[in-house]
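The chain below stands alone and is given as C-alpha cells, in the form predicted on its own.
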C-alpha cells in the first residue's frame, strides 16, 4: 500500500486552452502532492506537463478549476506562498554576466533570506559547485548551468519544489548524485517535490508516485509497480512508448 502524505498542493479540475477552438493543453486535471513525497509527472512532448506546472506556480491562470497550495488559491494569493515554493527547469534563464556565487546571493537577497551569504556557501558545498562558483554563468557548460539552476531553486529552502526536466543535460553520475541529494532533502525536511523527466529509469527509481499524462489529461496514476501491472508492460519505458504512440489507452484510474 502506498504511503499516505499530508497534502500541501491540490489541483481541482484545472483546464487550460490557449486558443479558442483548439485542443486543451490541460483538461480537467485533479492531483495532489504531499509533504515528504516525490511525485513524477511524465508524458510525451505536448502532454501538458509544463502548462500544468506554470498554473501551479501562478504564472498561468486556469480557464477553469483551481490550484490550492497550503490551502490558498494560487490564482488569488500567489504572493502569500511565493516564498515557500521554487522552480527549476533547463529552460530557465539566469543573468550571464554574474558569477554562480553572485547569482545565488542575488536570489537569496530577493527572498530576504537570513544569513544569505552563509546560505549560498552551504548550497555551493551541498551541490558540489565550489569549483566553478566564481565563474560567470555565461561561461558555464550546459550541465553546470543546470546544477546552478537547481541551487537557485533551493536557495529559499522551499517547502514545495518543482523541477521540470532538471537532469536532462547532466551526465549519469551527476544525475544520480543529484537524485540522492534531493531524495534525502525530501525525506529529512518533509519537502514536497513535483518532478518531470523523460528518463523512465530515473522516474521508476526516484518516485513515490507517478502520473502519466496524454493529450492534456491524466491517463493513469500510481506507483511504478502498479502502473506496469495495470498496463502489462515490462518496464516504465515500454509504458511511456505505449502512451506516446497512436494506440488508445484507458484514461482515468
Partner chain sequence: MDSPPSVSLFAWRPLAGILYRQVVLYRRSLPRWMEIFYWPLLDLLVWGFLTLYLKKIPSFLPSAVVSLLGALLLWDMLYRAQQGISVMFLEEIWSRNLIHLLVAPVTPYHIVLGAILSSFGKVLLSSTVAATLAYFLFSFKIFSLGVNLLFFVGALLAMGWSLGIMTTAVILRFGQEAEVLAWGVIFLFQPFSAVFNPVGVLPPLAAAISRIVPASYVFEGMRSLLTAGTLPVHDLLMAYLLDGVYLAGAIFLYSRVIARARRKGFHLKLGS
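Positions refer to the first chain, counted from 1. Remember, it's a predicted structure, so these values are computed and weren't measured experimentally.
Another form, the form predicted in complex with its partner chain, is not on view; read the next lines as being about it.
Segments offered: 25 to 33, 212 to 220, 53 to 61, 192 to 200. Contacting its partner chain in the model of the complex at heavy atom distances within 4.5 Å is 53 to 61. Note on the partner interface in the model of the complex: the residue among 143, 95, 176, 183 having a heavy atom within 4.5 angstroms of its partner chain is 95. Checking 120, 154, 74, 163 for any heavy atom within 4.5 Å of its partner chain in the model of the complex turns up a single hit: 74.
Proximity of residue 107 to its partner chain in the model of the complex: non-hydrogen atoms within 4.5 Å are present.
Taking non-hydrogen atoms only, residue 131 never approaches its partner chain to within 4.5 angstroms in the model of the complex. With a 4.5 Å cutoff on heavy atoms, residue 91 counts as touching its partner chain in the model of the complex.
Interface membership of residue 113, defined by any non-hydrogen atom within 4.5 Å of its partner chain in the model of the complex, is confirmed. Residues are counted as partner-facing when one of their heavy atoms sits within 4.5 Å of its partner chain in the model of the complex; in 16 to 46 these are 16, 18, 35, in sequence order.
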